[in-house]
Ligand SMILES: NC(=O)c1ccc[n+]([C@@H]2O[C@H](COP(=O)([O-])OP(=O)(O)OC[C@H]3O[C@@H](n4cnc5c(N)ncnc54)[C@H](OP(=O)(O)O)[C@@H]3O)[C@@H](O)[C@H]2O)c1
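The chain that follows stands alone, in the form predicted alone, written as structure tokens.
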């Protein structure tokens, strides 16, 4: 089985690349960054698919800068939306299953309860709008896809909130954390373990055309509460003089373009695939254990 992973410089692609898929026989991954596969270039993408002849394409390519998306619509729209029509049409042509990642930012955050896949979408940011439009392109044009909406992705790779907190704890630097935005953190390792589960058990995803929410289990938290938990866990390994200071999202970001409450309900995925997902607290402890006991 051949698998192409686009967006090879993303934290999720890094996690997949460093996970132990070698235990699975006859699974070959091909990782491409935007310089080697431009998903917005139809001919370039077509040529690569003809060359590799993959069975599965995992699209980790995305423009995720929420603030700059407000200033430059063209860039996020090209990557998050228009390019997904190319991916859909070409994966159809080459009979490739498409696995794509979307976001909790397709919702406006006014529900105050965990969002289900069928809830009305209403993004309040340009980033969220381009991600939603990309979903619609896949739904309208792809013959075989899985879209996983994820929230508050974290890992020990690249730039993310977990790494930000850990770096400040190590350097004893006080920092602010927003206390009025709420969701469920999602570990890139948990997503990768799910992909491993699909491949190991040879689960047939060839006929799927559906959207699922993938988040860790565990309680809904603010960024401030999330940071406090990371600090508490960190203290089992090292001391720190770092203080975490609560702040409102409007004071911190100087805008209101993020949903106030964007927790995703993952029961549909758990039921469909009969798959158990770890809680995010366990994922945090696992990352810290890997870092300090390796």
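Quick caveat, the model's predicted, so the values are computed rather than measured. Positions refer to the first chain, counted from 1.
Same protein, other form: the form predicted together with this ligand, not shown, and the subject of what follows.
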Is this ligand close enough to 227, 263 and 283 in the predicted bound form that each of the three has a heavy atom within 4.5 Å of it? no
Could you spot which one of 244, 45, 269, 60 gets a heavy atom to within 4.5 Å of this ligand in the predicted bound form? 60
Could you check which residue among 138, 126, 79, 96 gets a heavy atom within 4.5 Å of this ligand in the predicted bound form? 79
Though only this chain appears here, would residue 182 touch this ligand in the predicted bound form if you measure heavy atom gaps against 4.5 Å? no
Contact label in the predicted bound form: residue 131 to this ligand, heavy atom within 4.5 Å: yes
In the predicted bound form, residue 34 touching this ligand (heavy atom, 4.5 Å): yes
Please determine whether residue 209 contacts this ligand in the predicted bound form, using a 4.5 Å cut-off between heavy atoms. no
Exactly one stretch in 85 to 93, 143 to 151, 174 to 182, 110 to 118 has heavy atoms within 4.5 Å of this ligand in the predicted bound form; which is it? 143 to 151
If we check this ligand in the predicted bound form, which of the residues in 1 to 21 reach within 4.5 angstroms of it by a non-hydrogen atom? 7, 9, 10, 11, 12
